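Just one chain is shown here, as structure tokens, and it is the form predicted alone.
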């Protein structure tokens, strides 16, 4: 007798789920019409194994509880997983993967579920492995500033822990209260202070990961210099869970600056944004920690959706500068001098400078809370790209002209210090054909401007189909060979990054 297949068969639960998902996207499998891989279906025997390993409390199968694991942060994609596993240790993940590999069960690893490209939610019925209970801080060396933790630690919690010791995580994201360090590593996150501290590739010293067959790979070095062979950790950084499940990480953490200043500047056009940016880099070089650009559309959006009040008047463009250092009077003097210079030269129309902690946070919250407003939109298209600065804002103007009255708004903002631009297109309703047309246009313009279609969020599911258009054939073949070697059955986060044919 064949094992019984686990199905959703409770009519009342289904009605409740249908009501709760009324404003959710259609199932990804229906919306994108892609074939399911040749994976096994979940049986009662599989559930019995997971229950024996984890217990009832760490096995989620209730429909209302499953919803948040099946739908992504921005409600763009929706899977139909019927079980979420919540391991606490590397050994438990090893046993889960070994079992799933043997049974040919596809899995999707999920951290804080804050990704924007559908990389951390299932496409079909993949088993979700949530890392939220892998949340222990293992060690911190105050001499070297090296932190070692499990991968499920929330970024904000790590930073709060380090703050007590006058250190900081070298990464700051708008989703820091929800995202997890393992997800940050697996997507090679950059964030708002990459200009000062770099991305995860430059800050991760070591990691531990579990391969598809359950084998544990120990690359958890805590040395800043270790040139003994291949740097295998880099295979997992940015691979979005397709080569292994990251379970522990060690990162180098800088000392926490004593003083912080922020300036918000209003500018007339993008040409003056560039000129101001160049002057800022030269004038504030050693204390500059972040520089963000936002257009008028961005500001109108946050005023409307997030009820934000601006400390300065309305302008076509805005620059937000942050300085951090150890000499308060020195830093304030340099920033104030710069402010006077850009005003006198006619580069900046107006602005404000803040050093008081409360005012600094108020200004930063304008930029930090953008994702809250986006989540409330009925339909939105999001693109995370990087471009040479000479073309940085031109693509926003191109998209506005291309779409005309087919959308509500198009605005851009991002980390101009590293060329990262976030494009937001707000629509009345989702239109699959319009979405496809816009994506093709954004891809065409990005490549024409010699940019990258993914700056810091990865490819996930939403951008995986770009890969053969943006990578050289030999490079793509090598990526496929690595995937085939490390995950021959393709059970790790299928349909993401490299879309294996089954």
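Numbering follows the first chain given and starts at 1. Predicted, not measured: the structure shown is a model, and the values here were computed from it. Only the largest set of C-alpha atoms that superpose within 1.5 Å between the two forms is called the rigid core.
In what follows, reference is made to the form predicted together with a further copy of the same chain, a form of this protein that is not presented.
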Distance check, residue 145 to a further copy of the same chain in the model of the complex, heavy atom within 4.5 Å: yes
How about residue 243: is it within 4.5 Å of a further copy of the same chain in the model of the complex, going by heavy atoms? yes
If you check in the model of the complex, is residue 452 within 4.5 Å of a further copy of the same chain, heavy atoms only? yes
Does residue 191 make contact with a further copy of the same chain in the model of the complex, using a 4.5 Å heavy atom cut-off? yes
Heavy atom within 4.5 Å of a further copy of the same chain in the model of the complex, from candidates 309, 378, 358, 278, belongs to 278
Between 283, 336, 352, 135, only one gets a heavy atom within 4.5 angstroms of a further copy of the same chain in the model of the complex; which residue is that? 283
Can you tell me which of 106 to 114, 81 to 89, 379 to 387, 427 to 435 lies within 4.5 Å of a further copy of the same chain in the model of the complex, counting heavy atoms only? 379 to 387
In the model of the complex, does each of 27, 30 and 130 have a heavy atom within 4.5 Å of a further copy of the same chain? no
Pull the contact list for 154 to 187: residues with a heavy atom within 4.5 Å of a further copy of the same chain in the model of the complex, in sequence order. 165, 166, 167, 187
For residue 338, decide whether the Cα shift between this form and the one not shown is 2 Å or greater, given a superposition on the rigid core. yes
If the two forms are fitted on the core, does residue 218 show a Cα displacement reaching 2 angstroms between this form and the one not shown? no
